[in-house]
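Okay, so here's just one chain, in structure tokens, the form predicted on its own.
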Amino acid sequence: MHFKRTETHAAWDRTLPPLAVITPGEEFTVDTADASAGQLTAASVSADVPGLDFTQVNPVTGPFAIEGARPGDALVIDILDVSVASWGWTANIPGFGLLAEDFPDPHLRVSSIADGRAELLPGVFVPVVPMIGTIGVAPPEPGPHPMVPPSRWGGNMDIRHVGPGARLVLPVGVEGALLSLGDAHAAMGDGEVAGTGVETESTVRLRVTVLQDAAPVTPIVETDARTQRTGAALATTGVGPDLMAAAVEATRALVGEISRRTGLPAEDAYLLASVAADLKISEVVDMPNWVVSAHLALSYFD
């Protein structure tokens, strides 16, 4: 079965009618819309960003009822393949992102995607590592619930490793689970610090199974080697008693270092960090201060 991206919704709600009933073990294919729901196009410019209608963002295709899934069960989702479109967008949206205070103005970059690379800036390529930003099941509480914040039931988790070969395990909250997915990225850094990756349309092939009475407390991901990134990197740090403040400090330092070493404007350095750098909690045992580090491959400084 193949489901088109025209069959989407923009809120979580247990009362939504399913597009189809999926038999456990059956493979099916889902087309997903980009995170702007088509409001941004390959011809868009920075001035178009403030006009985004946030009631439409992060649309997901679905829901799909999974035969036999009951509250308290575990829904096991195997991501078999993710293919992405030939272009994507990355934006700084005013008021959104980790460094929103530093970057109050809209900024947009449209990437061309080909041969396993996305050209974020002229001559600056990031490897395409497709992932699904938003995937979840219907919450048992009466809705509708907003699409953007994640929850125990999944949703807009933006876990970079939920891509080809990965397995995601979600708790089932309602009869049939009501699985939906969307918000694919051609590339994204851990933390997605500017609030966007290389946002794009996608086609996802997946398979679901049900484990009775095995619901995890929170979502669980088994990663695949295809979603990993390795290589020499520069890491800036944030140190202090508050992990969020440390994350801001590490990211701000990385943006500054990118600009200093490459000459890129700070706005573009910020977008590059969002799609290619990884935020990591490096230390949480040496109280009262913790360490967050922001890693970017040294190849971007060549």
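Residues carry their position along the shown sequence, with the first being 1. Model, not experiment: these values are computed from the prediction. Note that the rigid core is defined as the largest set of C-alphas that superpose within 1.5 Å between two forms.
What comes next is about the form predicted in complex with a further copy of the same chain, which does not appear here.
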Would all three of Pro71, Val76 and Ala215 be in contact with a further copy of the same chain in the predicted bound form, where contact means some heavy atom lies within 4.5 Å?
no
a further copy of the same chain isn't shown here, but in the predicted bound form which of Val82, Met147, Ala166, Ala91 has a heavy atom within 4.5 Å of it?
Ala91
Heavy atom within 4.5 Å of a further copy of the same chain in the predicted bound form - the one residue of Ala33, Val57, Val30, Val275 that qualifies
Val275
Using a 4.5 Å heavy atom cut-off, which stretch among 218-226, 176-184, 189-197, 139-147 contacts a further copy of the same chain in the predicted bound form?
189-197
Can you tell me whether Asp48 touches a further copy of the same chain? I mean in the predicted bound form, with a 4.5 angstroms heavy atom cut-off.
no
Spell out, yes or no, whether the shortest heavy atom distance between Ala65 and a further copy of the same chain in the predicted bound form is within 4.5 Å.
no
Evaluate Phe3 for contact with a further copy of the same chain in the predicted bound form, applying a 4.5 angstroms cut-off between non-hydrogen atoms, and reply yes or no.
no
Does Ala100 reach a further copy of the same chain in the predicted bound form if we count a contact as any heavy atom within 4.5 Å?
yes
Since the partner is left out here, which residues of 276-298 would have a heavy atom within 4.5 Å of a further copy of the same chain in the predicted bound form?
Ala276, Ala277, Asp278, Leu279, Lys280, Ile281, Val284, Trp290, Val292
Would you say Glu267 moves between this form and the one not shown, meaning its CA shifts by 2 Å or more once the core is fitted?
yes
Given a core-based superposition, decide whether the C-alpha of Pro63 shifts by 2 Å or more between this form and the one not shown.
no
Hey, does Ala42 budge by 2 Å or more at the Cα between this form and the one not shown once the core is superposed?
no
Taking the shown form as the reference, report whether the CA atoms of Gly97 and Ile281 lie closer or farther apart in the predicted bound form; the distance changes by 3 angstroms or more.
closer
Is the CA-CA spacing of Gly51 and Ala277 tighter or wider in the predicted bound form than here, given a 3 Å or more change?
farther
